[in-house]
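In structure tokens, one chain follows: the form predicted on its own.
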């Protein structure tokens, strides 16, 4: 028995994710009745909906069985899939990045940056990041009691951090923010390239144009860093080799693009979501000020709460079984991190923001060999920002209605209007 058409359409609808309660309710129903079952819609290849925390981990820990690159790694319809393959010469993903490759290629690409983003490797960045955090806290306070925290702080602070780490000049930050929003929010008329509602064909054209603009930018980056190598991440990417050869064009551009876009947008979404949670819960700010040692718990709960990457798709390479369901070779699966991070069997009160959880095994960063490469930097950025802000914030509350981006892939708050007082 397939998941109902209504539920299936809800969990892939970009507009539904802009009203998170709608998607949460749909997945709660799926977890309760059909936690691992197929969705069948005419315009989309049938796909398994993987809604439970345990099943997502089970699939993620078997990368040889459940592959990233055989089909699209995010939800798309049949027509979009065909057009992407035409544009890429047969590949199912517009961008060939770490999240869309498997096996030895993935291991080799991940190894380019991994040694430089371990907790030990990034520790020397702490004071530099703290200086950036203080700059943005001062900027927020300059608004004299009212601001849009998402647009004025959360979009900009992680952007500055990752651009600094990558080696992108400060004057290019606005360009990177614009293209990132176009890439991840293609269904949102406020943020996409056309600033309009798009047909599926127009949406793909828009994504392609944004990708080409990013590639043109990073072509110049490659030339610059191959001529003058440095220790910055973009230089590591530019000069990386697999065997004796530089990364090929699609590997190279995919690496730059995923580092420069996902490297800040996911953290921006989480930071904005955490402030939204704070502004709706006056007691939460008092808890944090009374117990500053709970800062890591606050950060981890904000990651679970916001889940900036809503899903990834996997493809079965062979017949197998998951939770009693027979998965066939070639089957497509939707791993819903949104649902997995609301699993009632894992968390008490999963629909509330709580920093007193004894354990918080959130899977917003993924799990297994494809776990987020930048997870430790993201945690550090958020911890430092909240440490600096909690010292100066006396009260905060919502100052209007918050808004979320229209996207079913990478998304979060785009407007968090707040009113605040300072110590």
Ligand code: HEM
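Numbering follows the first chain given and starts at 1. None of the values given here were measured: they were computed from a predicted structure.
Below: the form predicted together with ligand HEM, not depicted.
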- Query: Pick from 267, 76, 210, 181: which has a non-hydrogen atom within 4.5 Å of ligand HEM in the predicted bound form?
  - Reply: 267
- Scan 39, 26, 378, 389 and let me know which has any heavy atom within 4.5 Å of ligand HEM in the predicted bound form. 378
- With the cut-off set at 4.5 Å between non-hydrogen atoms, does residue 106 touch ligand HEM in the predicted bound form? yes
- Message: Contact with ligand HEM in the predicted bound form for residue 396, defined as at least one heavy atom pair within 4.5 Å: yes or no?
- Response: no
- Does ligand HEM come within 4.5 Å of any heavy atom of residue 58 in the predicted bound form? no
- Report whether the minimum heavy atom distance between residue 85 and ligand HEM in the predicted bound form is within 4.5 Å. no
- Item | Which of 344-352, 245-253, 259-267, 137-145 sits within 4.5 Å of ligand HEM in the predicted bound form, heavy atom basis | 259-267
- Task: Can you tell me which bits of 296-312 touch ligand HEM in the predicted bound form, meaning any heavy atom within 4.5 Å?
- Result: 303, 308, 309, 312
